[in-house]
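Next up: a single chain in structure tokens, the form predicted alone.
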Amino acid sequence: MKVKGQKGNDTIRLAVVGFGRIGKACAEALFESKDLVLAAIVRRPDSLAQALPDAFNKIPIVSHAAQVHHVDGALLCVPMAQVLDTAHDCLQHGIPIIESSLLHGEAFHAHRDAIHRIAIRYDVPAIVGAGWDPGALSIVRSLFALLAPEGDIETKHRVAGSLHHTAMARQVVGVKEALCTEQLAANGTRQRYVYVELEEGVDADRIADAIRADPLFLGEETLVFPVDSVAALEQEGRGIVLERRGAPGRSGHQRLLFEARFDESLLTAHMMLAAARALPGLSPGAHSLLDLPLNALWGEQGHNAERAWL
């Protein structure tokens, strides 16, 4: 099936539906893309008059994706409660959708089935769960399970800030704000991650030495990271450690470790854009990322990706 509006190898034109944190991240990522184009931003009628950043001055702002001329797909960046209705509105107008709802297990499968029925009815493809989790992390988990069968997998999300350690770091002269979290290194030892927002002109190495010398941090590996804004880090920062332990056997005891720290909105946006590249040629119905060939997520860049990573 050829996606609506798609012509040969033309760039894929996408509408961003919703302009919250993820919608804004998708729109900004589209500006940087060489093969995807931001065709329009879709907002609620009562939000159409609200000003957007200057970078979007030339982008059409509409109240429905069907109002966009020549659109190949819609990135749904609306609250979870609105996803199904918004998907229906787009699909009934022949517009493929990509969404990233935070659902797992039976709830995800029920959600996928509901969108699948609508997509089949209107003969249009849809991609569901194309975010960070589910989405990119699902692919990593699946790959780990393939590499270490019959094992156990453990997922640890970034722990909350340590109040005592954070309070101590804030008292160091030259520190405007601080945030301390703890993490386990690959060898199982405890690490302290201290993020510091510094006064102008302060030497970062001196601050790091002062923090590590405090009795509260003695005996633990302490990593100090200067940041522009601790408030932004608390709001946007995410972290995860994924570990797969294979069952003992003839091949030995396999242990796979994946650790990441990231802006979840940005990762979700990039995953949604990758999913959009797979739209051309997809059959009608709802697809998850695990249904798609990895090469399809690269779109026209697939050949280069294969040469780079194989």
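Residue positions are given as counts along the sequence shown, with the first one as 1. Just so it is clear, the structure is predicted and the values come from calculations on it, not from any experiment.
Same protein, other form: the form predicted together with a small molecule, not shown, and the subject of what follows.
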Q. Of T155, S142, Q82, Q92, which residue is found within 4.5 angstroms of the small molecule in the predicted bound form when only non-hydrogen atoms are counted?
A. Q82
Q) Looking at H270, R43, R277, R245, which is the one with a non-hydrogen atom within 4.5 Å of the small molecule in the predicted bound form? A) R43
Q: Give a yes or no on whether each residue among C77, S101 and D133 has a heavy atom within 4.5 Å of the small molecule in the predicted bound form.
A: yes
Q) Which of 31-39, 280-288, 66-74, 261-269 has heavy atoms within 4.5 Å of the small molecule in the predicted bound form? A) 261-269
(Q) Whether G23 contacts the small molecule in the predicted bound form should be assessed with a 4.5 Å heavy atom distance threshold; does it? (A) yes
